[in-house]
Each structure stands twice: as C-alpha cells, then as structure tokens.
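One chain comes next, on its own, written out as structure tokens in the form predicted on its own.
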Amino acid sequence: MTQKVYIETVGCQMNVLDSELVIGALRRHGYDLTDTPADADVLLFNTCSVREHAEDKTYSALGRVRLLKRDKPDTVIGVLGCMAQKDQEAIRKRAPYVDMIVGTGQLGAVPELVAKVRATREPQLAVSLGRTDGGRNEVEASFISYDPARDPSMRPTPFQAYVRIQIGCDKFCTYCVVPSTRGPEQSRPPEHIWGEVRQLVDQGCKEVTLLGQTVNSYVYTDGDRKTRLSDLISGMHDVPGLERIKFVTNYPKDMTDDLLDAVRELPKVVKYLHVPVQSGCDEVLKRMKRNYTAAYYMEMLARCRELVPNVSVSSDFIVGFCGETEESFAKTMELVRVAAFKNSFIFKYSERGGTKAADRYPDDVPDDVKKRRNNDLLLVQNENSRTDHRNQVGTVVEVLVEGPSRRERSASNQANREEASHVTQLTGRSMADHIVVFDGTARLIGRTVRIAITDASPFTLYGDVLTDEVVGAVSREPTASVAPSRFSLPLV
C-alpha cells in the first residue's frame, strides 16, 4: 500500500516553503499527502519559535497525536524546523514518543530519517551546528541546501510560489531567535534561483515571492561579480509567462536606491514593500538592536514613496517590549499615525529563551498592558487602512485571481462553486498588494483581470470585473477586527 504523510505547518512563509519541499521529497519516495492524521503513516510538524503561542500550538498538536501513536505504533512522528533546531531536549522531555527531530538546515534528510526510524525503531536527531559550536564556515556548512523538488499541491495556489533566495540572518535583534534557528546569513547563487523560477513558470506559476529573513540584504559575490537583489530581480523579469515578482521581508537599513529603482521601472515587480519598524521609540529600538532610529525609518519611508510613486508599504510592530513605557508607546502610536501604512502586523512581545533580550532585560510590561497597547495600535492602523482603501474607490486595478473568497470557501454549495459558469465571490490581490473581492466565475481563477473598485472596508476592496463574464453585484458583509493574512507570522 502507498504510504501516507500528514504535515502541519506553523509560522511564516519560509516554513510554508519548507513544508512544500519536504513533501516534494517524500513524494519522490512514494508517499502521498493526506489531510487526516489518523490515515497517516508519517506525521510531521513543521514548527516556529518566534513566539510562545506558536510553540504552544505544536505541543498541543503533539498531545493530540499521541493516542494515534498508541493505537498505531509504527506511525513515525517528526518535529521539524525552528523548534527542532532550538529545543531538542525540551521536545524529548515533553514528547518522548517523537521519533525524529530535524532542524531547519537538515530538512532534505527527512526521507532518509523516516527510513532509519522504520528500520531501527530508534529516535533520530539531525540538527545544524549552533552559532558557538564552530567557526562561521563550519556553521554555514551545517545548514545544508537541498534539491528544491516542488509539490504544487502545497502552494497557496497552483500559480503562486515561494522561492528562497537567502537563509539565515546576521542582524541579531535582541528579541529574535532566527539567527540561532536558521543560522548565518547565506545568499543562494543567482543562477540557481533563476533556474528555479524558470522551472516554476514551466509548471504554470505566474507569481513568485522571493523569501529571505531580510530579503533586501541579498548579495552574492562570485569573484569580481556581485549580484544584488535588484540584479536578481532584473535577471528573472523577462522570463516568458512570469507575471509578478514579490519579495519579503525587508530590513530598513538595506533599502537601497537601486532596489527602489527596480521596483519602479520593472513592470512585473509588485509595487509593495513590507518593511518592519517594530517601534517608534529610539530607546526601545536600541534595546531591540534594530540599528536605526525612528527618524531614520521615516526618512527611508519618504525615500520609498518618492522613488516609487503610489507604492504601498506595510510594517511590523512589537508592543510591550522590555522597558516600554507609556511615553515610549505613545511615540509608536504617533509614528503609525504619520506613516500611514497600508497595513501592519502587530504582536505582543513574547520572551524567547536564548535571545539577548531574555538574558539582558526583564519582561516587565504586564500582559494586560500589552493587550491594551496592541488594541490601541490596531485601532490607529485600522483607520489608516480605511483611508488608504477609500482612496482606491473609483480606480481600476489589475488583480491576479486567487480563488473563492473566505465567505465562499466557508459556504456549503461546494459543487456549484466549482462549476466554471457559476457566479461566485472571488478574491485576489492588486499590484499594490491590496485584497480585492468581486463576483466572477471559476474560469477567472489564475487569470489577471481588471477590476473597477466601487467600495472599500479597512481590509478589503470591492469591485466589478471589466469583462462580460460577470453578472450581479458583490455582497457586503461585516469585516472582522483583524486584518486578514494567509500566514500567522511574518518572517521576522
């Protein structure tokens, strides 16, 4: 019988890509994917350590499958990714029935490790060296790249894909575990990336999102030749069939003019930048080791908008970081008011073991204060998002149609919605990364269509397709209080 594998993924886009590559490798070894844990011969949990909530979700999931292991002893359970790299002993203690612990740099070995567990019934551990376990070259070498065998069934849509251009991070923000869980910053050779993009387009992909912990830090040096992110994008821009190029997440101090020029001048590059600021207070930014001031960030933001007219910009914020006073938080509130971001991802500070912040600073902001600041900042951001979206009403935007809207996905008339001629509510994103909802037929999915924007909420644009394939009007529903996102966490 064909062996089946089940996988749960928590965290950022990088983890989503890692899961796709792991499943692709397992398919080559004869495994089929299942969405039912009880049917699986292999249960994998691809983990995140950026916030405590993400780790709690993994331990909760492991607790649920423990009974499956009892009833089906030959089931292989594996913990992959950031938690595996950071917390091997903790996982063994809390979930001794786990068969495999595989770090971020060893994911290519998953098929072989599964085979070893089956052959020996002994637990398997495969992790990369820690930052202090060897010289930089040794540590880098322990984060092993692997063949990017792709599995389209794991992607957000069949025509959208992620491409890793960089692993690791050398920024060492005091709150962040990424430098220890994903190792030193390493940029992939441009020829490898361009080849992967061509392969994806041959498979029907129309949009690629380039991923890096600080993606605009990308630089690859080969002798006298230096390839920057702007050069990398230029090198893939004219691939026939490729319609859109995105990249996340950006670091403020690496937002260079050559990259902004590429965003402005290359038609396929989405006019959207995600540039986390984290705080509007210089004292907090210094404790975070972000290496810039609020004034520097605002100057960078102004330069982005000057060089790329009508660019949309989003950001990340951490509220309640160590030592954040009411005065500090007020500065963050003011920055958000003035910056007018398209949207922001706002998180309460979560102390992470092994980070410099955990070693140096007490987590001294009460949780109820963190919650209140989170809500207060969200209210300001929501008003900015409402204004931004209202300004879009009356315009025409190009939308890559991703599929049924959330409302349609939750509806019960699945059979009718899959008929090509049935009018349903669809969703996609504009070239400025705005979410757009409209009525259309299933035959539009995967196509780029022109939408006349007729209405807006803080998180969604509504409109009509400029084609004869659509009838009826968009149904309006109350909007949730949290901006929609395909992922639970940003990259950093």
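The first residue of the shown sequence is 1; numbering continues from there. Bear in mind the structure is a predicted one, so any value in this text is a computation, not a measurement.
Only in words, not in the display: the form predicted together with ligand SAH, which the text now covers.
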Check: If contact means any heavy atom within 4.5 Å, which of 274 to 282, 108 to 116, 200 to 208, 398 to 406 contacts ligand SAH in the predicted complex?
Finding: 274 to 282
Check: From the list Gln213, Asn374, Thr75, Ser187, which entry has a heavy atom within 4.5 Å of ligand SAH in the predicted complex?
Finding: Gln213
Check: Which residue, Val365, Leu242, Met300, Cys176, has a heavy atom that falls within 4.5 Å of ligand SAH in the predicted complex?
Finding: Cys176
Check: Is Leu44 close enough to touch ligand SAH in the predicted complex, meaning at least one heavy atom pair within 4.5 Å?
Finding: no
Check: Any of the heavy atoms of Tyr220 lying within 4.5 Å of ligand SAH in the predicted complex?
Finding: no
Note to self: With the partner left out here, check for me: in the predicted complex, does some heavy atom of Phe341 sit within 4.5 Å of ligand SAH?
What the structure shows: no
Next item on the list: Answer with yes or no whether Phe247 is in contact with ligand SAH in the predicted complex, where contact means some heavy atom within 4.5 Å.
Entry: no
Notebook entry, point to check: Though the partner is not shown here, which residues of 341 to 372 have a heavy atom within 4.5 Å of ligand SAH in the predicted complex?
Noted result: Phe347, Lys348, Tyr349, Ser350, Arg352
